[in-house]
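As a starting point, one isolated chain is supplied in structure tokens, in the form predicted alone.
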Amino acid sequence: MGKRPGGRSARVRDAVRQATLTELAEHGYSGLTVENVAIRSGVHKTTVYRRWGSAEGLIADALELAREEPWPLPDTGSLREDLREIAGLVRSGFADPVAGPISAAFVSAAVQSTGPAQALHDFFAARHEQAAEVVRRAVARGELPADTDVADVIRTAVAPIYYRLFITHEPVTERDAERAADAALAAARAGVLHS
């Protein structure tokens, strides 16, 4: 007999994930411990250690679950506006008082450990593929060359946001996000971002 979807295993995983996210929001990556996640989730510590092994395992699993969640994609009929909305979503996500610290903790963990780094890479690959649909629609409308690397347009639109947040530690304004989106669009229209 196989595992039942939505059974005890799924409930345990969800409880541990929620506890992990709450701990990250409150204490960041450096304060994340298996013990605190076990207490907060109501799941026995040995179960958490057996299934996730460490704080890095908890982060990797939370990112794996997040990777499967849909992302709200804009469909304004204009690639410029769609890219601006995507960049705005990234900016506002990091500015959010709950989601921002969690997202920053994921990045911090990825810098320090290979397991979370791979999980974050996989998360971003999935997000970029989802978001690339707005670029595919633009190619179909004739806004961009047919050989445009659709995922690279998305990466180019959001990369300056991450640079400002995590490299130079500068605030990211709405105008900064718009400028990043506009730069990606200009590069794509110029044929720089082709596959």
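No experiment lies behind these values; they were computed from the predicted model shown. Residue positions are given as counts along the sequence shown, with the first one as 1.
Heads up, the form predicted together with another copy of the chain isn't pictured, but that's what we're talking about next.
**OP:** Answer with one of Arg51, Arg137, Arg67, Arg155: the residue that has a non-hydrogen atom within 4.5 Å of another copy of the chain in the model of the complex.
**Re:** It is Arg155 that has a heavy atom within 4.5 Å of the partner.
**OP:** Give a yes or no on whether each residue among Ile167, Ala183 and Val192 has a heavy atom within 4.5 Å of another copy of the chain in the model of the complex.
**Re:** All of them do, each having a heavy atom within 4.5 Å of the partner.
Original post:
Taking the shortest heavy atom distance, is Ser92 within 4.5 Å of another copy of the chain in the model of the complex?
Top reply: Contact with another copy of the chain, no.
Original post:
Is there a non-hydrogen atom of Ala10 within 4.5 angstroms of a non-hydrogen atom of another copy of the chain in the model of the complex?
Top reply: Flag for Ala10 set to no.
Original post:
Can Thr76 be called a contact residue for another copy of the chain in the model of the complex at 4.5 Å between heavy atoms?
Top reply: Result no; Thr76 lies far from another copy of the chain in the model of the complex.
Subject >> Non-hydrogen atom contact Ala126 with another copy of the chain in the model of the complex at 4.5 angstroms >> reply: No, Ala126 sits far enough from another copy of the chain in the model of the complex that none of its heavy atoms falls within 4.5 Å.
Original post:
With the partner removed from view, which of 129 to 137, 52 to 60, 32 to 40, 145 to 153 is the stretch that lies within 4.5 Å of another copy of the chain in the model of the complex, judged by heavy atom distances?
Top reply: Of the options given, it is 145 to 153.
**OP:** Heavy atoms within 4.5 Å of another copy of the chain in the model of the complex is the criterion; list the residues of 96 to 121 that meet it.
**Re:** Heavy-atom contacts to another copy of the chain in the model of the complex: Val107, Ser108, Ala110, Val111, Gln112, Ala117, Leu120, His121.
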